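First, one chain by itself in structure tokens, the form predicted on its own.
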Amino acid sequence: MSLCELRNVKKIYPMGDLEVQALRGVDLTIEKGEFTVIAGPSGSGKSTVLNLIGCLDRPTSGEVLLEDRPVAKMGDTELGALRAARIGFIFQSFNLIPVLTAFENVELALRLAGHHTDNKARVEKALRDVGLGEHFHRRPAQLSGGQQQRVAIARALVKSPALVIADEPTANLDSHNGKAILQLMREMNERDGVTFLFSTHDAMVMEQAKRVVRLVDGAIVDDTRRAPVYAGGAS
């Protein structure tokens, strides 16, 4: 059973009197346990693919399936519950809640997934894993851009989702922290079977991917599976 699938998906965005065709009949299957990068130039449709797979948007035509279930047949409430429980999101713009501390931002992901008690140890571990063990009680405005990105990563990983969707997850991190985050994600992928789907321009992320799907002008032009080159050394 595939984790998610796009079948002949097209996506058109209206721009005044014009229409922009973001995806042009994309067919893509992501199996459980993949560590996949969606690559391509700006405007190629990478973020659109992530938004459709993450149920944040709907296609103009074609079909999106999650765990063999057609997304079009799910209501907003069912989709919201599915996202909260099964999908972790890492956005380039962080999307942290400014009035909440780092701890509270991460804990919120667990609460939305239905975990309302005994979250302390789990949240603290998630923040320590991304190198923020001393910043539990700082709000986003008290953190650097790289630190905010690491809070967003901890928030996505804390609930051990089936799928993590990451839009440029290392864009705001230095090389040291970027390698550490990728190492953490690789461990979750190999140990726990968490599926990772990235959009990135970062060569380091692409080198560690097990599969690279390249988009140009809304169409897949290459889909390559290969042995990753891990940041810590050869695989």
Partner chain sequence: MLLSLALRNSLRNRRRSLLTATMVMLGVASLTVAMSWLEGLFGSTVNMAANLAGHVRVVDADYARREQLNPLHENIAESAPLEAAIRAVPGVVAVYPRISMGVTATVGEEIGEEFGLVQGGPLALFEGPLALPGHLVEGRMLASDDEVVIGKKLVEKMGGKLGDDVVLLGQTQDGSMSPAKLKLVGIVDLGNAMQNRQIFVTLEKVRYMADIPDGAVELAVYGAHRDDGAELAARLGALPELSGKDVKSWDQRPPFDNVMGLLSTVKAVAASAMVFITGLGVLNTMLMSVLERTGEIGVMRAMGLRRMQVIWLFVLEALGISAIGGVLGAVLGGLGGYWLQVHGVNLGSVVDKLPATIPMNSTIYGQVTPEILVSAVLLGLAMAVVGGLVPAYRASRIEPIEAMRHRR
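Only a predicted model underlies this, so the values are computations on that prediction, with no experimental measurement involved. Here, rigid core means the biggest group of C-alpha atoms that superpose within 1.5 Å across both forms. Residue numbers count along the first chain shown, from 1.
The following text describes the form predicted together with the partner chain, which does not appear among the structures shown.
**Student:** Which one, 71, 132, 108, 163, lies within 4.5 Å of the partner chain in the predicted bound form by heavy atoms?
**Tutor:** That would be 108.
**Student:** Should residue 95 be counted as a contact of the partner chain in the predicted bound form, where contact means heavy atoms within 4.5 Å?
**Tutor:** Answer yes; at least one heavy atom of residue 95 falls within 4.5 Å of the partner chain in the predicted bound form.
**Student:** Within 4.5 Å, heavy atoms only: does residue 204 come near the partner chain in the predicted bound form?
**Tutor:** Flag for residue 204 set to no.
**Student:** Looking in the predicted bound form, any heavy atom of residue 147 within 4.5 Å of the partner chain?
**Tutor:** Residue 147: no contact with the partner chain in the predicted bound form.
**Student:** Applying a 4.5 Å heavy atom distance criterion, does residue 121 contact the partner chain in the predicted bound form?
**Tutor:** It does not: once the partner chain is placed as it appears in the predicted bound form, residue 121 has no heavy atom within 4.5 Å of it.
**Student:** Would you mind picking out the stretch of 174-182, 52-60, 188-196, 37-45 that comes within 4.5 angstroms of the partner chain in the predicted bound form, counting non-hydrogen atoms?
**Tutor:** Only one stretch passes the 4.5 Å heavy-atom test: 52-60.
**Student:** Please tell me whether the candidate spot formed by 28, 210 and 221 is one where all three residues come within 4.5 Å of the partner chain in the predicted bound form (heavy atoms).
**Tutor:** Not a single listed residue reaches the partner chain in the predicted bound form, so no.
**Student:** Do any residues of 99-119 have a non-hydrogen atom within 4.5 angstroms of the partner chain in the predicted bound form? If so, which ones, in sequence order?
**Tutor:** Residues within 4.5 Å: 99, 100, 101, 104, 108, 109, 111, 112.
**Student:** Superposing on the rigid core, do we see a C-alpha displacement of 2 Å or more at residue 56 between the shown form and the other one?
**Tutor:** The answer is no, as the C-alpha of residue 56 shifts between the shown form and the other one by less than 2 Å after core alignment.
**Student:** Answer yes if the CA of residue 201 moves 2 Å or more between the shown form and the other one after aligning the rigid core, and no otherwise.
**Tutor:** Yes, the C-alpha moves 2 Å or more.
**Student:** Tell me whether residue 44 is among the residues that move between the shown form and the other one (Cα shift of 2 angstroms or more, core superposed).
**Tutor:** Stays below the 2 Å threshold, so no.
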